[in-house]
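Next up is one chain by itself, shown in structure tokens, the form predicted alone.
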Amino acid sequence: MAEDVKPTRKNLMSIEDRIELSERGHDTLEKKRDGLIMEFMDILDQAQDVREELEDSYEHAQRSIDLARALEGDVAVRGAAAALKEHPELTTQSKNIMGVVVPQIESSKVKKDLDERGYGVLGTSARIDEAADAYEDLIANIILAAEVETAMKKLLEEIETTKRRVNALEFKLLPELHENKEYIEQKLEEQEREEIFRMKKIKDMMEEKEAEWEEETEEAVEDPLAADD
């Protein structure tokens, strides 16, 4: 409440400094919010492409594995899958997007050559090879989708946090500061008017007293005997 603020010039200067600082912070946060939204929209476009590729690769992997099972049998497919010796490895790093730390997922041993899959080339068919290729593509797309989706989530959280800060400054703190400033300025003006009025009254009283003293002095000079009486 403005009434809780003492109407002093020191407080007025302090509030003016806070207003200036808050307005600068508001402008900075607005620029950050707008920049984050632009980054988010770029990643959103990328995410849409990644999702489409993920859906396509999943459907392709399902068709490939169904065909391999139909032609080679479940036993052959499961045997080829069990022969895998080296599994994919994931490492995470991070990058900074306008102050937001988002993950970067690095993968290795996802895509393999035929001789790296562990099963004998002569003991399997091209259908199993095609299914293995399809699932390796699917895993690669899943990893990419996880990275993009996580980046989107973190950016969206930061956008919401920044928006709340902008709104708090714009609709709460700054209006309260301006209200306090106006209240203090109004009170100081009232105090100044009262002081001017008081000084004017004192001046009038002094002039009145001075006039009375001068009148008494003149009477004493004109009639010294009357003054003695």
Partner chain sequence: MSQEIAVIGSPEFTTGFRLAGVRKFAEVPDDEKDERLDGTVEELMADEDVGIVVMHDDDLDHLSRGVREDVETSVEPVVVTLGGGAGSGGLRAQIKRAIGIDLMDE
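Fair warning: this is a prediction, and the values are worked out from it, not measured in the lab. Positions refer to the first chain, counted from 1. Under this definition, the rigid core comprises the largest set of C-alpha atoms superposing within 1.5 Å between the forms.
One more form of this protein, predicted together with its partner chain, exists but is not displayed; see below.
State the residue from I65, L29, L188, L173 whose non-hydrogen atoms include one within 4.5 Å of its partner chain in the predicted bound form.
Selected residue: I65.
Against its partner chain in the predicted bound form, would Q48 count as a contact residue? Criterion: heavy atoms within 4.5 Å.
Looking in the predicted bound form, residue contacts with its partner chain include Q48, since a heavy atom lies within 4.5 Å.
Within a 4.5 Å heavy atom cut-off, is D115 in contact with its partner chain in the predicted bound form?
D115: no contact with its partner chain in the predicted bound form.
4.5 Å heavy atom contact, V166 to its partner chain in the predicted bound form:
Outside the cut-off, so no.
Verify the contact flag for I196: yes if a non-hydrogen atom of it lies within 4.5 Å of a non-hydrogen atom of its partner chain in the predicted bound form, no if not.
Heavy-atom contact with its partner chain at 4.5 Å: absent for I196.
If we check its partner chain in the predicted bound form, which of the residues in 149-174 reach within 4.5 angstroms of it by a non-hydrogen atom?
Going through 149-174 in order - heavy atoms within 4.5 Å of its partner chain in the predicted bound form - the hits are E149, T150, M152, K153, K154, L156, E157, I159, E160, K163.
Using a rigid core alignment, state whether the CA of E149 is displaced by 2 Å or more between this form and the one not shown.
No, E149 moves less than 2 Å.
When you overlay the rigid core, is the Cα of A82 off by 2 Å or more between this form and the one not shown?
Yes: A82 shifts by at least 2 Å between this form and the one not shown.
If the two forms are fitted on the core, does G99 show a Cα displacement reaching 2 angstroms between this form and the one not shown?
Not so; G99 is displaced by less than 2 Å.
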